[in-house]
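Taking the form predicted alone, here's one chain by itself in structure tokens.
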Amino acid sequence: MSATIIDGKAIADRIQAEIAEDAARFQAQYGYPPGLGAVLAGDNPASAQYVRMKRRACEKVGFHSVAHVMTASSTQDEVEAAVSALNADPHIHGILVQLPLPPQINEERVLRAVSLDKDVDGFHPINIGMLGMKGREALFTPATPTGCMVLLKEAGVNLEGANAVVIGRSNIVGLPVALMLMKANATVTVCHSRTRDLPAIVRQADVVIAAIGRPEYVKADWLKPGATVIDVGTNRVDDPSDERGYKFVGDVEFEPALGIAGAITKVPGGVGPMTITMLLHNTLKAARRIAAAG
């Protein structure tokens, strides 16, 4: 029996259509659209592409967007000044700081400079701290982990008491998604490069979140039969059979996993589209809060 493929693109398209309708109602009520501002520093082609994709997504749903694009030699003051300008702009409701920043930039200082009311990426230390506290709720949660949680819900996964294994402990995905799984009452194990006997731990998991950035690292025979697999990895690998000379694969062996998992996301077309969608969702939420506050 083949696993159900969780189609992140189809889910994202449906949610984005709802966001576009809500954005039109917002503009009709207030006379201006929700706005997203991006700060990009450096010469990372992937980061530049991500910012372009997010701005195109804004255009698609009727959002206003601006971008402050700086070089890899940008100073701390210049990056923080860009954030401050967006904080002060009444038509910008959400601020995205594209990570990673150049090595001379203190990332935490930049993220802390983002207004809490506009922290639609959910990376402000206060938002992350609230996410980690029992009985508290973050104002915004990070886009990719939130997308993972929506995909699990769409797949009909009952997280209450489930064994969930998160592979990877980054501040962007692994750590926040583990905290969100705990809030959903799953029993969570976070694995990383120092974990002993990773396959044995993964084999106990009802839910696997793979977010390590290593192509097809998680083998199909590590999976518990019927497990739900959310593959966050997007890894470029050489492929002479593709006209581009390369293809993108996830952190999990996809084809072999189809015969073992109960449900699995594909790469591309799984978590990726959900990340942008959740960023748009957070921006609309921020716009409503700011507009209501007057």
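Values in this document were obtained by computation on a predicted structure and should not be read as measured data. All residue numbers refer to positions in the sequence shown, first residue = 1.
Beyond the structure shown, there is the form predicted together with a small molecule, which is absent from this document and is the topic of what follows.
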Checklist line | Complete contact of Lys54, Gln98 and Asp121 with the small molecule in the model of the complex (any heavy atom, 4.5 Å) | finding: yes
Checklist line | Proximity to the small molecule in the model of the complex (heavy atom, within 4.5 Å), stretch among 98 to 106, 152 to 160, 126 to 134, 82 to 90 | finding: 98 to 106
Note to self: To verify the annotation, which of these, Ile172, Ile201, Ala113, Ala184, has a non-hydrogen atom within 4.5 Å of the small molecule in the model of the complex?
What the structure shows: Ile172
Check: With a 4.5 Å heavy atom cut-off, would you call Thr144 a contact of the small molecule in the model of the complex?
Finding: yes
Next item on the list: Consider Thr277 of the chain shown here, and say whether it contacts the small molecule in the model of the complex, taking contact as heavy atoms within 4.5 Å.
Entry: no
